[in-house]
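Only one chain comes next, encoded as structure tokens, the form predicted on its own.
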């Protein structure tokens, strides 16, 4: 597979990790999941992220997941390699790149408190990874690290193998506008910006200059449709499609049970055999399931109206 570049566009879906009810990795569902995402038109896959339950896996399991996915996938694969130290990060990055990964993704440590610390961290990441292209994961709601646009510009100028921003600030539309203004003026490189947060703001993000999505909503075809229609200039069609899925996307963004809701729908769609999260992890209550089922039914009605 070709290496990730700053020209990347489209939908790099954040993949779940399928588990059996006993907590073991469900390898059959891993294969079926890769096929499903590709059938829905995604540009690439991102694995071993927070919503892939990477922190609950051993290093051996992480490598095994990466190897299995890359052996199956026909699209580029980005692998999350965030670790407490640079040595562990580099070791996993080298391993997955040898397997054929397109690039890796790195989030800042929670100890990052100042602009200079954020810049210094990513300079050290760039040096540690050598020629490996990487994604700067900007997710302050989880990492508790806020990286201002001027600091991201500085990192992009000083770290040539930083080729993509996973933008997940909230609110963050102004950040996209600021970053694009800098590159438009020639003050820094224009890197790829793919957005997260379950796709909740995807149409607006595309309007601000994002190149696509990197998130894991249980209907990846929605994100693919929004990005493709924006690319064709059919903004109204993109918004109509987004509106049909928005209530479910909103429900999926709840802290605590959001991933359980995502896995419930993926299991219902036949993508994974079990909706189980590896412990410790949330499970949906009967009332939660009733909520999701109601949202699915209403979503089907709205989609039928759009296609009518």
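Residue numbers count along the first chain shown, from 1. Here the structure is a predicted model, which is why all the values come from computation and not from measurement.
The same protein also exists as the form predicted in complex with another copy of the chain; that form is not shown, yet it is the one meant from here on.
- With the partner omitted here, the residue from 123, 173, 99, 75 that has a non-hydrogen atom within 4.5 angstroms of another copy of the chain in the model of the complex is 173.
- The stretch from 85 to 93, 212 to 220, 158 to 166, 189 to 197 that comes within 4.5 Å of another copy of the chain in the model of the complex, counting heavy atoms only, is 85 to 93.
- Using a 4.5 angstroms limit between non-hydrogen atoms, residue 240 touches another copy of the chain in the model of the complex.
- Although the partner is absent from this view, residue 131 stays clear of another copy of the chain in the model of the complex, with no non-hydrogen atom inside 4.5 angstroms.
- Among heavy atoms of residue 247, some come within 4.5 Å of another copy of the chain in the model of the complex.
- Contact between residue 270 and another copy of the chain in the model of the complex is not found at the 4.5 Å heavy atom cutoff.
- Taking another copy of the chain as positioned in the model of the complex, the residues of 135 to 156 that bring a heavy atom within 4.5 Å of it are, in sequence order, 144, 146, 148, 150.
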